[in-house]
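Following this are structure 1 and structure 2, which are two forms of one protein chain, each written alone as structure tokens.
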Structure 1
Amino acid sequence: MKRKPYMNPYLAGTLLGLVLLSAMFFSGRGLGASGGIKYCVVSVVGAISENHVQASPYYGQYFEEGKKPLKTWLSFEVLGMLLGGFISGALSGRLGIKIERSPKISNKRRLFFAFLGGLFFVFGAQLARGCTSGAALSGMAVLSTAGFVTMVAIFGSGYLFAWFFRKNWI
């Protein structure tokens, strides 16, 4: 299948805004995915020992009597993102495994930095109580000061770290 060109960024941004508006309208919540892993962990721990989950102050807040954590709106959102990404890649002819990197670094180094960046991102999302989607996009959509501060911090730290790591890419 021939690769299709990327979507116009203005159209993609508008569509993302409509998805965010739809999420708020239909679910009463904005977008956000970093909490999805918590529900998966609670489900696994609950399958092993439901009593432990109910007694734990941390796990207990994600576990309601009679409700299954994997049937929450967030679990379906994360599943939808994975499925949507797969379908989008397949329809655009971009489905495949490829390591994007500069010729100056090895695949191993690229994967190490990607993993390290992912760890920092997850830690930051937990520390900030939300990821870029939840804290920044959804926060800014409701004109939350925290949403704007989060977005400035995300782009500011990205710009700062890019200066230190640019030799890996150019």
Structure 2
Amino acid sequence: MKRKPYMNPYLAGTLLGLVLLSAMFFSGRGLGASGGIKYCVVSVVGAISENHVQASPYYGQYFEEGKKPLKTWLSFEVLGMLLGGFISGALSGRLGIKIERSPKISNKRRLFFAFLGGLFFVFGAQLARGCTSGAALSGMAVLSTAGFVTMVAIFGSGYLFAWFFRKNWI
């Protein structure tokens, strides 16, 4: 199938804004992504060691009153994200197993930095109570100060560190 071009960014932004608005309208909350990763970890650790979970106030809060971390709004939303992305990729001819990288770097280097980037990002998101979706985008849409501060910190820091990692991209 022939690859279709990406959607106009302002149109895609409007679509994303309407999705966020539906989350606010129907569920009284914003979108999220890093939270789904957290619930996944909490669930796996809970399955491996019940004692460890019960001894920890951090893990413990997700199992109080028989709660199940994977049976949460965010976990289902993230599952939907994978489906929605797959549908979009299929309709636009963009499905395919590949490692995307700059031609100037090796696959190994790309995968190492992808792993490290994910580690940093999600660790930071736990401190800030959300990532680009949950803290910055959804936070700004409800005028939360946390949303604006997190957005400025993420992008400001991105520009600050961009010079050190330029070889990976340009």
Partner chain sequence: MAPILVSPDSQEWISLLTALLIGIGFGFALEQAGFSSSRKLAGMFYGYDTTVLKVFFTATIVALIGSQLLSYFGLLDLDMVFVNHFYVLPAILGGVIMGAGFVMGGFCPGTGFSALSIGKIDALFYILGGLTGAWLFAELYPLISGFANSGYKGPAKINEWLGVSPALFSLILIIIAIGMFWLAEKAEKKYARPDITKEL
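Structure 1's sequence is the ruler for residue numbers, which start at 1. What we label the rigid core is the largest C-alpha set whose atoms superpose within 1.5 Å from one form to the other. Everything quoted here is computed from the prediction, not taken from an experiment.
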The chain seen in the form predicted on its own is the one numbered 1
Rigid core fitted, is the C-alpha displacement of S133 between the two structures 2 Å or more? no
Tell me whether L31 is among the residues that move between the two structures (Cα shift of 2 angstroms or more, core superposed). no
